[in-house]
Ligand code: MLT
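In the block that follows, a single chain appears as structure tokens, in the form predicted on its own.
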């Protein structure tokens, strides 16, 4: 019986994928797996029972991923599951910033009691006149699951699209419209585009990437959209850009005292992925990732350990999380061979400082052997995955 704990409400459509081999628990220390959305886990102590954490969403800045890797806890996320919801919010952000729809509707609300509001509208509407997005140059920084969708949708709306991503995956490249201009220098985005939208992860290398230097290269009257992470933009520099007229509008999904209510800022209350469909998709994907790891030992969409998939577990499967150092595989195979175990199949993958090895055996392996493998230097965690658990 596998035990799981939900740190946040998880959509029922996702939880329905659990079978009678799974039990929800109240005590997190009893859990083999954790499902989480936004709960802050950075200061949590994790029990030795915990094998995996599945984040129903893309961002994992609420999870101590390095700490988890060191303890042999796999952290999953669900990239792409909420991509359509965020894409639609980006399209809305472009329209809200280009046409002063918010200012116009607020004006109507303020004048709702005026019996001559219809006539007054015709005199006042010029204050809220805007521009169309058709034919405008859109710059997309980051061509992952969301960025590609935004690019393709923008092309269909008649925009000229520029994309920047030095780590563009083959899969993303296949899905990207051939009409998108792929640039190799982000400065081309800054200097050429009327609207710029950011879709990169929050890393040390991307923190504050939109700063005074970047803004100085942008066109006067640029629209800047940040629905990815608040720390990607130096907001003091953004406000200075608004005050100088360099930035026409800044649209963000992350309210804070610096920008909330500031002229030129359209601040959305973190709604980018908050649709029923996105939450359902993320829940389903997170549960399936967690199940595949617990039942088969497979890792897909991990943020701290390498992906490794050997399909459905048909017999005893040894799953070993270890440091990415030399001679680990030879130690495992020699140890098993000397103990009389025949290896049917094996896979080893590495990522940074960590590696993961799956070994399918012909015969059931004793727990005592597992204990001995755990004592090999640089082995972090060993478990046996069995078909009928």
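Residue numbers count along the first chain shown, from 1. Predicted model, so just to flag it, every value in this text is computed and none were measured.
Omitted here: the form predicted in complex with the named molecule. The next part is about that form.
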Taking 72, 323 and 351 as a possible spot, do all three reach the named molecule in the predicted complex with a heavy atom inside 4.5 Å? no
Please determine whether residue 219 contacts the named molecule in the predicted complex, using a 4.5 Å cut-off between heavy atoms. no
Exercise: residue 59 in contact with the named molecule in the predicted complex, heavy atom 4.5 Å: yes
Does residue 67 make contact with the named molecule in the predicted complex, using a 4.5 Å heavy atom cut-off? no
Give a yes or no for residue 304: in the predicted complex, does one of its heavy atoms lie within 4.5 Å of a heavy atom belonging to the named molecule? no
Using a 4.5 Å heavy atom cut-off, which residue among 252, 298, 197, 82 comes into contact with the named molecule in the predicted complex? 82
Contact residue in the predicted complex, chosen from 229, 291, 192, 136 - any heavy atom within 4.5 Å of the named molecule: 229
What stretch, of 268 to 276, 108 to 116, 304 to 312, 162 to 170, brings heavy atoms to within 4.5 Å of the named molecule in the predicted complex? 268 to 276
Let me know which residues along 130 to 168 have a heavy atom within 4.5 Å of the named molecule in the predicted complex, or say none if there are none. none
